[in-house]
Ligand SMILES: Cc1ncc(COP(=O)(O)O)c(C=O)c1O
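First comes one chain, alone, set out as structure tokens in the form predicted on its own.
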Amino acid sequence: MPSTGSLLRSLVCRACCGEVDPEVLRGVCPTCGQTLFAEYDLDRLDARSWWRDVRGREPTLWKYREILPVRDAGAIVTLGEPEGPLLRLRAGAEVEGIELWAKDDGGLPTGSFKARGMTVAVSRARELGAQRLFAPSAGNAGLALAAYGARAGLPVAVYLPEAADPRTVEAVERYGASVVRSGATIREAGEEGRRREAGRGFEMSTLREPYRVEGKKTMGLEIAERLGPDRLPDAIVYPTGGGTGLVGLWKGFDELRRLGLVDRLPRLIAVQSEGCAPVVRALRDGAPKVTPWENVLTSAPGLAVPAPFSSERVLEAVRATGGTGVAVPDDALATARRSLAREQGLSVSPEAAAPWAALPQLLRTGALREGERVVLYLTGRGAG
């Protein structure tokens, strides 16, 4: 079998410090039920030579294969994940003095950053013998799982809230996945999925398996490669639902730091809707984990996550970088979408508009400062 050269060593739990064999199909930590993370033998990598080599490889996220978990190149399930462009934005007077960039993942397969996590997670699940996959979703994750499951030849079930957009249901079913609509929120849909799939399906939910975050960390690797390790952004403003993206960004930059390729990490700034802001509230209150948000009310399905699983790790990622969180009025998302389209030529989803909507507040409070380099992460494309 052709090897990827993966340096995967083990799976570790940051909650109980347990370490388990990565060659067994696992979801959460068998000791405490929290998230497992992939660890690599980074000491075996000639970091600077590897980094130069990466730049000459085919421009998909799999060019970072040595620090991704799939060992057998034949097990990779790919739809040709391209590098998301990093675009310099034309900043108006309200953000004068800020070097503003946008990282746009709308061109990835199925139209969102969820493709990053699913290509890696589905590949590794297939490599380890998974026979059936399932996940709750607000839309984009389910769509990505359905697409990559189809590509892998594996049956997929997607559990959506009752109020899910019929267009999402149709899109998921087009890939051959089964759809179950249950509950008012993604949390309730997940509970139903775990009840029905017990003993037969492998769960691919946010932070309930080890490898989606490995795909998400390539967001940070691409930013470092594009700007250069010595020109990292001072801050990355990120729309936050389940929070895997924040954890992935932190993990990617931290591994580059451990390799000696960067000497600092950008501040990670979580943006949520005022109608569902459990992560922002926990950051504000200094809480060790989130408490469930009551009465979720937001027009952005991807932000409607009332209680992210393993929220301790999400909060840790923000705090470890000296970051913060901010909640924006829900109606500001629509305004921000129009502004990005008309002023920047970017069509984005409601979730992806959240970082743009947050800019005035972040500048007013000093969370972003004059002279800084700032990346807004646009996680998905708009409809149409």
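All figures in this text were calculated on a predicted structure; none of them were measured in a lab. Start at 1 and count along the sequence shown; that's the residue number.
Absent from the display: the form predicted in complex with the ligand. The rest refers to it.
Open item on the list: What I'd like checked is whether Ser6, Pro22 and Tyr211 together line the ligand in the predicted complex, meaning each has a non-hydrogen atom within 4.5 Å of it.
Closed with: Answer is no for this spot.
- [ ] May I ask you to choose, among Asn140, Ser311, Thr298, Ser205, the residue with a heavy atom within 4.5 Å of the ligand in the predicted complex?
- [x] By the 4.5 Å heavy-atom cutoff, the listed residue in contact is Asn140.
Open item on the list: Can you work out which of Pro278, Gly243, Gly215, Gly193 has a heavy atom no more than 4.5 Å from the ligand in the predicted complex?
Closed with: Flagged contact: Gly243.
Task: Partner contact for Gly302 in the predicted complex: the ligand, 4.5 angstroms, heavy atom - done: Taking the distances in the predicted complex, the answer for Gly302 is yes, it comes within 4.5 Å of the ligand.
Task: Residue contact check: Tyr238 to the ligand in the predicted complex, 4.5 Å heavy atom - done: Heavy-atom contact with the ligand at 4.5 Å: present for Tyr238.
Open item on the list: Does any part of Thr321 reach within 4.5 Å of the ligand in the predicted complex? Heavy atoms only, please.
Closed with: Thr321: no, not in contact with the ligand in the predicted complex.
Task: Touches the ligand in the predicted complex: Ser349 (any heavy atom, 4.5 Å) - done: Looking in the predicted complex, residue contacts with the ligand include Ser349, since a heavy atom lies within 4.5 Å.
TODO: Choose one stretch from 108 to 116, 289 to 297, 177 to 185, 260 to 268: the one whose residues place a heavy atom within 4.5 angstroms of the ligand in the predicted complex.
DONE: Only one stretch qualifies here: 108 to 116.
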